[in-house]
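So this first bit is one chain, no partners, the form predicted on its own, shown in structure tokens.
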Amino acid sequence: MNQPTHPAYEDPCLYIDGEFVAAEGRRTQAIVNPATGQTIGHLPHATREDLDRALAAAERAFASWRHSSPMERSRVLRRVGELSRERAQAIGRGITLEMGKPLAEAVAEVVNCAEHCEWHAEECRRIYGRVVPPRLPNVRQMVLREPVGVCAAFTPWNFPYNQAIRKIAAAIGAGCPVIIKGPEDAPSAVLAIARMFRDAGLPKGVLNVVWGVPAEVSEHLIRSPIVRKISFTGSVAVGRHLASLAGAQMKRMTMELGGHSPVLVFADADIDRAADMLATFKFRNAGQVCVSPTRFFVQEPCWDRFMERFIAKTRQIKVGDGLAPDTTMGPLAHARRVEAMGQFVEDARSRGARIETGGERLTEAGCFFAPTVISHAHDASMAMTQEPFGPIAACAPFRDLDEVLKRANALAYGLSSYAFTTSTRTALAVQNGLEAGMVNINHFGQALAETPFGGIKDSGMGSEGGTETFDGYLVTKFVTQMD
């Protein structure tokens, strides 16, 4: 694997009340390149005073931003979309250095997110109320949608730009200031967003960026009476904890939590196309994707053909440093995930499964784990019951529709799902039968700016994107007036 030299990395900072704040004696943590294991920078943690200053700034900003023109919000968001495209190469390089994904994927993440800015720029001009016909001629009844207030957002490292911009654009477009605690492991993308909003003319205090020990920062922000809504993307366990804190304060929340996405490949599908598509999509970002296909259920008549093609395609994946031009899969973002992948593999093997390819760490330096395909995975194995969040595809055969729907729905997860079939009857049964917030049939069509993104069951509540995007950031006010 090639190990290209890395350019200088600028130490990140805080962004509070329109000012970038350097470490200046604050506690810091190392930022490590997972491809090399080398420390590339140091991130300052916000003090309690920093958090309180961010809260105060957001509260002051809300007094005016809540009344800002939708045209002004739209202008700012549209400009950030333009800047996203202009600065994508530099931002993408920072993402690759911090969490390892191939540079082309990192740059595409930034470029594609320009659409999220543009979508919110358009939709924020269409936050409508309505007039309700009265029972008396001298009464006027109106329903108004108003911004909920200061929002606190918490975003993960696997898509550091994407996850942050979705929440920030929705909050700002709705008229809400936002304090975001992005991923401490991959902070540069969130700071790049802050710079773009500043350059686009966003008033100070409307967007604030803080870092620190996640539990300490989240508890401080959520307990503050200034914060009226939280948005979190991450694990089910952490989401449950944050939801309990927010619930105790009667605060609104949007939760996009873990997934363990089932894939249903039926015998009447275009098997070669399905195998090719899934081999590419499964190992995107080294499988560190909340909607990654992870539990592969393949109908018995097409089992051999699918597995042969899928395994062959998986073996063609080029693993290496994300900055190397021929890399198609980078390292895992953290050393602890490499150990976890080994545990998934050993558990599967102990339950009678076969490791068809991969199943091992690739190098001593860096966090590289081979793309892994497990066949005849037991339904009770770790790989079939726990989200691997890594480059592991667990495959098992099935007989009929009723059986596979029962097995696919057996877990508490309900984020995304996939099915491949040419039968319209089967497709309809899958649409109706799968317990998931998103169902993709014969392609991967989710996560677009104009479509809602979210899960059910333990995978969360609420949606981001689509016409539903502002629902969590608005309150409904009924006004009735008699002459």
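Don't overthink the numbering: it's just position in the shown sequence, from 1. Keep in mind that this is a model prediction, so the values were computed, not measured.
Not pictured, yet referred to below: the form predicted in complex with a small molecule.
The contact with the small molecule in the predicted complex, taken as any heavy atom within 4.5 Å, belongs to 214 out of 134, 214, 342, 129. This chain lacks the partner; the member of 258, 81, 358, 397 within 4.5 angstroms of the small molecule in the predicted complex by a non-hydrogen atom is 258.
Using a 4.5 angstroms heavy atom cutoff to the small molecule in the predicted complex, none of 298, 305 and 385 count as contacting. Contact annotation for residue 406: none of its heavy atoms lies within 4.5 Å of the small molecule in the predicted complex. At a distance threshold of 4.5 angstroms between non-hydrogen atoms, residue 155 is in contact with the small molecule in the predicted complex. The shortest heavy atom separation between residue 184 and the small molecule in the predicted complex is within 4.5 Å.
Within this chain, residue 165 is remote from the site of the small molecule in the predicted complex, having no heavy atom within 4.5 Å. Here the chain stands alone, but in the predicted complex its contact with the small molecule, taken as any heavy atom within 4.5 Å, falls in 237-245 among 83-91, 237-245, 188-196, 202-210.
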